[in-house]
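Shown next as C-alpha cells: one chain only, the form predicted on its own.
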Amino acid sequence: MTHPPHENREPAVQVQHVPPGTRSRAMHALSARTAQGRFMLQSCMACAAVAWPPRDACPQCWGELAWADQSAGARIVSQTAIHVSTDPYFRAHLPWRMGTVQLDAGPVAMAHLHGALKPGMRAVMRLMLDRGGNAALFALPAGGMSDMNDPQSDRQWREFVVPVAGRTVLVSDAAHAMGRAMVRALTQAGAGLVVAGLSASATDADDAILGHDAVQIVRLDLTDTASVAAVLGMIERPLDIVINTARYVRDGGVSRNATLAEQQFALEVSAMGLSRLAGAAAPILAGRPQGAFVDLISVQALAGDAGFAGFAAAESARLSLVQSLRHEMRATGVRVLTVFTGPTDDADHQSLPPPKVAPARLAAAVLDALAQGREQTCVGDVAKDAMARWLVDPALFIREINL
C-alpha cells in the first residue's frame, strides 16, 4: 500500500480530552453545588456525621443525608504521584499529584494536591469543576498561592481554571458601560489581545481604553449572522475566551405599555444573538487548550417581570440556551460560565433606585469566575437575594417578584 507524500497529508486534529464523566447521582448533586462556588458536603440528619464521598445514606447509621456548607480546612496526611494512566486526559498530564487529607469537617478524603503541599501541612480545600464539568476536591496552600496567571504557578491547578494573562478575549458589546469596564479589566489583567465589539452606530472616541495597544476594535452586530462570522475571521490571534455582554433593556409589559418591535429586538440580541455568537465561536474555542465562553445575564431571567416583560423574556430564553451550550461544550473541555447581575449602574437602569451594580464590580466578578473556574456567579445584593429565594422556592419567588 502506498501513501501520499508527507507534505500533501492533512495534519491530524488535536483532540481535547476531558476527565472521565461517569458519576453517581449524588456526585452530580455535588457538582451542581460546586458550580455555585460553595464548599458543601453531606451531613447526616440523625447522627450529624459528615460523609465523603457523596452517597445515598449515612455510612455510620444509614440515616438520611442533607447538603450543608462545611469548614474548608484540612491537613495533608500523605501524598503520591500517578505516573501511568489508561485515561487519555490524565495520560497527557502525567505525573499527577494526589494525596490523602484529613478534613476539618471530619472525613478522610483523596484529593488533588497543589505542588507546594507536603504531608503534615495545613491546606484550604476547594471543590472545583474539572474540564468535564464534574466536581473534584483540590487542596491548596493555607497561606495563599502564587497568581494563577503566573506561568510558574501550579500546572495541575491551572487545569481547573481559566487564565486570562496572554490570552485573546472577545467582548461582544464594548459600547455599553458594562462592556467598557470589561475591556479595561481584561487589559489590566494582562490579556494578550482584547477584541472589543462595537455596533456600526457606536462611537469609540470617548473612552481611551479602546485605544490601548492590546485592544482591537471590530464592528460586531449580533443580530446579523454574517457580521458574527466576519468578525471571528478577522481576529488577529487564536481566540481563547468569549465574554458576551450584549443585551437590550427596555421597560414595558405584555398587555400594557407594550412595544412588540422592542420585545422582538430584545430576543434578537439576547437569545438569538447568543446562539449566533456561540455557534460561530464554539468550534474555535474547542481547539484551544483552555477555552471559555462567559455570559453576563440579568437575574430577571429567573422570573417574568411585569415592568420589563420583553427584557425578562429575552434573558430567560438566553439562560435556557446557555445552559444547553454548557452541556454541549463539556465534551470539548470548553467552560461555559454564567454571571448573574441585578440592575447595573448605567443608562439602561436610570429609572430604578439603588442598589445597583457598578460595571467595574461586574467586570471584576467575571475575572474572579474565570480564576476559580466557577460556572455560576451572582453579583450584587439583588442578584444574590433573588437566586437564594429562587433556589428555595421557585414558585413563591415568581409570585413575590411581581407583587
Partner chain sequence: MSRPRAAYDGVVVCAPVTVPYQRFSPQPAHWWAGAALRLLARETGFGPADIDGFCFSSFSAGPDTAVGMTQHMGLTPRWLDHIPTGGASGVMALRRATRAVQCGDAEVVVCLAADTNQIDSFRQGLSAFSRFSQDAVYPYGFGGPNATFALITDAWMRETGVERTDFGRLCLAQRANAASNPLALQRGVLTMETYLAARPIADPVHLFDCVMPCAGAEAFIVTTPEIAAARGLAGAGILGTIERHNAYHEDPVQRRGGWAMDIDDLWTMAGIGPGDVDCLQVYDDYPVIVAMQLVDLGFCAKEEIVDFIRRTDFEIGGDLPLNTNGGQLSAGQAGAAGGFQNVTEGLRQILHCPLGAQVPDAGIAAISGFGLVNYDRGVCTAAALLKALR
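Residue numbers count along the first chain shown, from 1. Since we're looking at a predicted model, the values are computed, not measured.
Beyond what is shown, the protein has a form predicted in complex with its partner chain; the following relates to that form.
For the chain shown alone, Arg23 is a contact residue for its partner chain in the model of the complex, at least one non-hydrogen atom being within 4.5 angstroms. Among heavy atoms of Asp69, none comes within 4.5 Å of its partner chain in the model of the complex. Among residues of the shown chain, Pro163 is not one whose heavy atoms approach its partner chain to within 4.5 Å in the model of the complex. Although the partner is absent here, Asp56 is a contact residue: one of its heavy atoms lies within 4.5 angstroms of its partner chain in the model of the complex. For the options His83, Arg155, His327, Arg256, the residue carrying a heavy atom within 4.5 angstroms of its partner chain in the model of the complex is His83.
Only one of Leu239, Leu140, Val215, Leu137 lies close to its partner chain in the model of the complex, with a heavy atom inside 4.5 Å, and it is Leu137. Shown alone, this chain has one stretch from 349 to 357, 364 to 372, 330 to 338, 25 to 33 that lies within 4.5 Å of its partner chain in the model of the complex by heavy atoms: 25 to 33. If you take 99 to 129 and check each residue for a heavy atom within 4.5 Å of its partner chain in the model of the complex, you get Gly99, Thr100, Gln102, Val108, Ala109, Met110, Ala111, His112, Pro119, in sequence order.
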